[in-house]
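Here's a solo chain for you in C-alpha cells, the form predicted on its own.
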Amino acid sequence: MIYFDNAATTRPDGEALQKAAQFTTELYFNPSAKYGGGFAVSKQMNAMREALLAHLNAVGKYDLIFTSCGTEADNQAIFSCGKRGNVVTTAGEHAAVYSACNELKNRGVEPRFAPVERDGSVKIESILSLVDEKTSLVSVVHVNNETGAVNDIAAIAKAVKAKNPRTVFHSDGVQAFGKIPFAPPPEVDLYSVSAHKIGGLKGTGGLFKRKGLALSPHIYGGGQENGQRSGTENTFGIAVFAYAAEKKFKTLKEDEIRLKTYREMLFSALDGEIFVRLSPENGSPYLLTVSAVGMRGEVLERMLWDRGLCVGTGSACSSKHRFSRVMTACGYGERVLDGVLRMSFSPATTEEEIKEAAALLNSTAKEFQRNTN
C-alpha cells in the first residue's frame, strides 16, 4: 500500500515507540506523585518539554502546555482568549478553529471570518479590515490543511499587533510543525501542534504559550501543567512525540527540499486533461491537492484504495459533508469540488511511490470516465 494521506495522520515512528516504551514499563509512575518514581518521570517530562520548545527556538520565551490533540489546543486558545468583543479568523480554518469561533456566538462574542484566496491563503489586508478596538483574538492557520497554502503568520501577527496591541494572536500550526522551518516571533502569542502528524501518537498535542500571557484552563481538576490543563499527563504519548520530533527536525530542511521535488514530479505526471491543480506551488511540500473535474472524489478514493493507493479527499475532520467547506470558501464550483483529491507525503515517501501513484491516479480516473460515460 502506498500511503499518501499523511495530512490526516502519519504512521507512528518505530524508533520513537521503542525508545518511549520505558514509560509503560519501569517509568510508568504518575508524574505528580511525590515519591522518587514520580519525580523521575516529572524530570523526564520537563526535559522533553524543553526539547520540543527548542525546535521552535522558544526556550525561555514560551511555555508548552501538553494537551490531548491539536483540536484541544485550538479550543483552549479560542475559548480562553476570545471572551469579549469580536474574534477574527479566516474562512479556511480547520474545523477545530472554525467551529469553535462559531460557538463564540452563543457566548456573546462576535466571530468574523476573512475570505480566503483560491489557494486557501489569506491576505493581511483581509484580516486587518476586520480587526478593531474590540478584537480580543485573531486566529490564522499557518499551513492550510486542505490546500497546503502557507500563511505568513509572522507578518500577519505583526500587522495585527500594530493595529490593536491588546489583541491575542493564535495560529494552528498542526500542518506546519516539523514540516517547514519556523520560529514564532514575539507577536505570535499561541501556537497549536499535534503529535500524530509527524510520527507521534494520536491523543497527544500541545499549545505553545508566550510567557507572561494569561491563559484560562480549558479542563479543570488536579491542576496539572502548571494549572493550565488538568488531568494526568499522557507520559508515553508525550515521550513518543518528543522522540519523533527530535528525529523529524534533524532532517527537516532536506525533507522539505526532496518532498517539494516529489510533489512537482507527481503533478507533472498527472494527466492534464483530467486533473487540475488546487494547491499553490509555494505551498507546503508535504501536500498536493488536485481535482478530477466532474468526477466523484470519494468514489475515486475507494477505487484507488482497492488498487493499493491511499489518498484523501480533504480534511478527515470534515469528511461527513459532500463538499469541503474550505474548498468551497476558495470559490470553486461543484464540478471541481466533487473531484477533490488530496495527496500528502511523509519523509518515508519514495520516488518510486510517486511514479506508481501517478500511474494509478491516471488509470483509475480514466476507468471512472469509461464506466460513467
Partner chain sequence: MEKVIIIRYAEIHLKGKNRGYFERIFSNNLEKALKGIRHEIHRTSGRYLIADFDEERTDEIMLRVSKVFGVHSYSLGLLTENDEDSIFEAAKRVAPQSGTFKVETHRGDKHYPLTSMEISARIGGRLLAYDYELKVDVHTPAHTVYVDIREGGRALIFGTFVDGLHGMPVSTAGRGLLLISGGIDSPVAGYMMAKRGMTVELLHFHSYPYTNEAAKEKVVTLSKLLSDYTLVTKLTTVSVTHIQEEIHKNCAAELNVTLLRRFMFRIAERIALREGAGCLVTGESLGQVASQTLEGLTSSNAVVRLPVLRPLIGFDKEDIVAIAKKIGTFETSTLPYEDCCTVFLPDFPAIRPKLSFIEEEEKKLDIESLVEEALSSREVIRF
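Positions refer to the first chain, counted from 1. These numbers were taken from a predicted model, which means no experiment stands behind them.
The next section is about a form of this same protein that is not shown, the form predicted together with its partner chain.
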Report the stretch among 249-257, 292-300, 150-158, 264-272 that approaches its partner chain in the model of the complex to within 4.5 Å, counting heavy atoms only. 292-300
Answer yes if any heavy atom of W305 is within 4.5 Å of a heavy atom of its partner chain in the model of the complex; otherwise answer no. yes
Heavy atom of F368 within 4.5 Å of its partner chain in the model of the complex: yes
For 73-106: residues with a non-hydrogen atom within 4.5 angstroms of its partner chain in the model of the complex? none
